[in-house]
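Starting off, we have a lone chain in the form predicted on its own, written out as structure tokens.
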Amino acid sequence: MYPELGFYDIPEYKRTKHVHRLHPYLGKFIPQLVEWFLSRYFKADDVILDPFMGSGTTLIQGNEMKMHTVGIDISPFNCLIAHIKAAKYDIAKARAEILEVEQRVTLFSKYLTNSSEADLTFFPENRMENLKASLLQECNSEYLRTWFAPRDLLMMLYYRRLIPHYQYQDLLRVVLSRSVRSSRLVPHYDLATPKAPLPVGKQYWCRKHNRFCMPLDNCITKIHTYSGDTVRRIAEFDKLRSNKTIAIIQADSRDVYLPAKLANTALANRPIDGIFTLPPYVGQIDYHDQHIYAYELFGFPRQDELEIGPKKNGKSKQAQQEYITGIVAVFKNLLPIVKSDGRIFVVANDRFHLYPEIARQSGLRIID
């Protein structure tokens, strides 16, 4: 019915414009899809809710269109990504902090690689071994020790140690997390769902680059790339963002009491005009596991047991029924604060034909 919704004519750099690509996220939709529906069915100053916020695509695109947006997600790391995208920055200060940390880690990396450019005034040899030992003592994650080359591990731990000395700490965490994701001992073509770490220096045939490659063992190249990219993206969004509220709530959409969460915001007592969301699919993604490196590096609490339809539960009839129960619970909890004529848009590949039953149990009517 809507052939243009494939957006096949939109190049990658527009699909991932400004902060929408501050951090990779498996299972998100493109902002043009959000824009298409919001522009046709809602207006400026409306309040749009996404109860499965993920990395915050609906929130950012809605704000760009001068709409208030509210996002809910159970994952602490998802909420961190969304917060970083939505935050208002002193761009000059953010740029200075990101680049200063990059420079400090670059000096550290030169020492680790025995570069002739290593500045021994910053890392005198008699203190370097103590520094490396103390960094490794701070690493109590077997995952990090297994999935990263020893040199990379030291660099990411050093970067992490620097973060508390700066104002925009969460922004720095996202830069580091994005760099760490790309620096694991995995094939370049399998960053999203790697199965096992490769040995350091092990060559493999890379389907992405169509040649023999080796896993990365010097993450400073990624830190350099993503530092500059992050600065550019937050500066781009700063010119486009509106002054409308972006509310990010870490909670379970099945039982959160949204009015209380919004009580101290500009959206207090405002009804929700509509919902635009992409729920998890049945048995497709383990949402906490896709960012396991970030949970291990920063110690965020995990709430895997609250995921709806996780991959680890499979796609059996029982898993499908549990999925229906979870999605229905979300709608039943949140519909009382949505306007009676509010529209609800669910982006779903409903291969198991679950949404007619979800709609029936939720008291909703499918109109298109």
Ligand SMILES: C[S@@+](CC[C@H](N)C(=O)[O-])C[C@H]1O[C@@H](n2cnc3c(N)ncnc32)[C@H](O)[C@@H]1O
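Only a predicted model underlies this, so the values are computations on that prediction, with no experimental measurement involved. Position 1 is the first residue in the sequence shown; the rest follow in order.
Separately, the form predicted together with the ligand exists; it is not shown, and the next lines address it.
K.L.:
Look at the candidate spot formed by L49, A86 and I248 and say whether the ligand comes within 4.5 Å of a heavy atom in all three of them in the predicted bound form.
P.N.:
Result no, not one residue of the spot touches the ligand.
K.L.:
Of the options F300, F42, F29, W36, which one has a non-hydrogen atom that comes within 4.5 Å of the ligand in the predicted bound form?
P.N.:
None of the others qualify; the residue that does is F29.
K.L.:
Among the candidate residues K261, R254, R181, R95, which is the single one with a non-hydrogen atom no more than 4.5 Å from the ligand in the predicted bound form?
P.N.:
Exactly one listed residue reaches within 4.5 Å, namely R254.
K.L.:
Does the ligand get within 4.5 angstroms of any non-hydrogen atom of Y287 in the predicted bound form?
P.N.:
Y287: yes, in contact with the ligand in the predicted bound form.
K.L.:
Considering only heavy atoms, tell me if E64 and the ligand come within 4.5 Å of each other in the predicted bound form.
P.N.:
So E64 does not count as contacting the ligand.
K.L.:
With a cut-off of 4.5 Å between heavy atoms, is V328 one of the residues that contacts the ligand in the predicted bound form?
P.N.:
Answer no; every heavy atom of V328 is more than 4.5 Å from the ligand in the predicted bound form.
K.L.:
Examine I60 and determine whether its closest non-hydrogen atom to the ligand in the predicted bound form is within 4.5 angstroms.
P.N.:
Judged by the heavy-atom cut-off of 4.5 Å, I60 is well away from the ligand in the predicted bound form.
K.L.:
Which is the contacting stretch out of 170-178, 136-144, 101-109, 73-81, given heavy atoms within 4.5 Å of the ligand in the predicted bound form?
P.N.:
Every other range fails; the passing one is 73-81.
K.L.:
Let me know which residues along 294-322 have a heavy atom within 4.5 Å of the ligand in the predicted bound form, or say none if there are none.
P.N.:
L306, E307, I308, in sequence order.
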